[in-house]
Each structure stands twice: as structure tokens, then as C-alpha cells.
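Okay, so we've got a single protein chain in two different forms coming up as C-alpha cells, structure 1 first and structure 2 after it.
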Structure 1
Amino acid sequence: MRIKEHPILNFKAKDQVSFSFNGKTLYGVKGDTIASALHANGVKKLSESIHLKRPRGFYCAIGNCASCNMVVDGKPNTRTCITPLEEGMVVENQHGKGRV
């Protein structure tokens, strides 16, 4: 899911970053946001609507909506589209409003 080759652009190799998503180890690259790393790993559903439980994915990518809210390192309502990925992060799907 990540562009590795392009006819006119060159992509420099970046350091790999490991993180946990719902108990599974995944990998992103340095400079990814959590949402972009999940997307590159094939994860399309980031959250679900509160009442009807409809899937929500990568939408605005600038932190204005709540489609990417997840629990990150125990903190609910983290906007993963603007949160930089860090080594060892624990990311989990959020259910409901995410209140602790």
C-alpha cells in the first residue's frame, strides 16, 4: 500500500518503526502519522460511528473530523491522522465516545 517506485520521483529509504495495533505488531516508517502507517498496512477501518456502528476510515487527514479517533498509549480520542508514529506505540480501536 506504499509507493516504492515511481517513473520520475525517487523515494529515499526511511527507518522502520514498529508499533502495536490491537495486539498485533505492525511497521511504519519514520515520518508517518499513525493513520498513514495503518493505511499502508492495509487497515482501512479506523473507527466506527457511535450510534449506527458504521465503519469510518481516513477522511480529512488534518485533524478536523473524528473519523480517525483511536486509543493511543491508553489515551482515548487521539486523532491518528495528525499524531506522529513513534516506536513502541500501542494503538487500539476505540469504541463509543472513548471516555475513560
Structure 2
Amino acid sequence: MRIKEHPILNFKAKDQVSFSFNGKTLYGVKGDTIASALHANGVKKLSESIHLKRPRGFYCAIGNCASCNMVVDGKPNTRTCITPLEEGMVVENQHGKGRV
């Protein structure tokens, strides 16, 4: 799901960054946000809505809408679309309001 060839931009191969998602080890690259790394791994569902438990993905990708909130290193309500991915991060789907 990464773009390999682009007429305008140059996506050079970047260093890998490993992190854990719901207990599984996944890899992103340097410069990723948590949400972009998950998406590159085919993970679109990031959270569940508070009442109806409907699946949610990101929507705005620039930190405006909270649709991408996840539990990161134990901290709920982390806006994963603007949080840079770091080596060893522990990322989990957030259910509801994000009590842990």
C-alpha cells in the first residue's frame, strides 16, 4: 500500500520503525505518523464509536476531528494522525471513550 513510483514526489526507501499493534509487531518507516503506518499495513479501523461501537478510521488526517483516537503507550485519546511513529510504540484500538 506504499506508493513506489510517483511523477512529482520522490519516496526514497526509509529506515524501518517497528511498533506493536494489538499485540502484533508491525513495521512503519521513519517519518510516518501512527495512522499512516497502520494504513500502509492495511489497517483502516482505528477505533470504535462510543455508543454504537461502530468502526472508525481516520477522517481529516490533520488533527481536527478525533476520529483517529487510539490508545498509545497506555495513553487513550491520542490523535494518531498527527503523532509521529516511534520505535517500540504500543498501539491499541480504542473502544468507546478511551478508559483503560
Partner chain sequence: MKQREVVIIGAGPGGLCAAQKLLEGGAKVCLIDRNASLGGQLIKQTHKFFGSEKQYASKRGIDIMEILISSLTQYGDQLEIMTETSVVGMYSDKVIACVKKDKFFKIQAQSIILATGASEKSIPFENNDLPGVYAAGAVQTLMNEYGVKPGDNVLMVGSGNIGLIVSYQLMQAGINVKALVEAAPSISGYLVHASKIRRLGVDILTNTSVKRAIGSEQVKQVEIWDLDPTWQGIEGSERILDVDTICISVGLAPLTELLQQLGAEVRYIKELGGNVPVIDKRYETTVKGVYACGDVVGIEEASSAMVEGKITGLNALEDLGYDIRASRLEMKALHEELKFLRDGPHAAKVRAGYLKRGMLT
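Basically, rigid core = biggest C-alpha set you can superpose within 1.5 Å across the two forms. Numbers given to residues start at 1 and step along the sequence of structure 1. From a predicted model like this one, the values you see are computed outputs, not experimental measurements.
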Chain form predicted together with the partner chain: structure number out of two: 2
Superposing on the rigid core, I want to see if Thr25 changes position between the two structures - specifically a Cα shift of 2 Å or more. no
What is the magnitude, in angstrom, of the C-alpha shift at Pro7 between the two structures when the rigid core serves as the superposition reference? 5.1
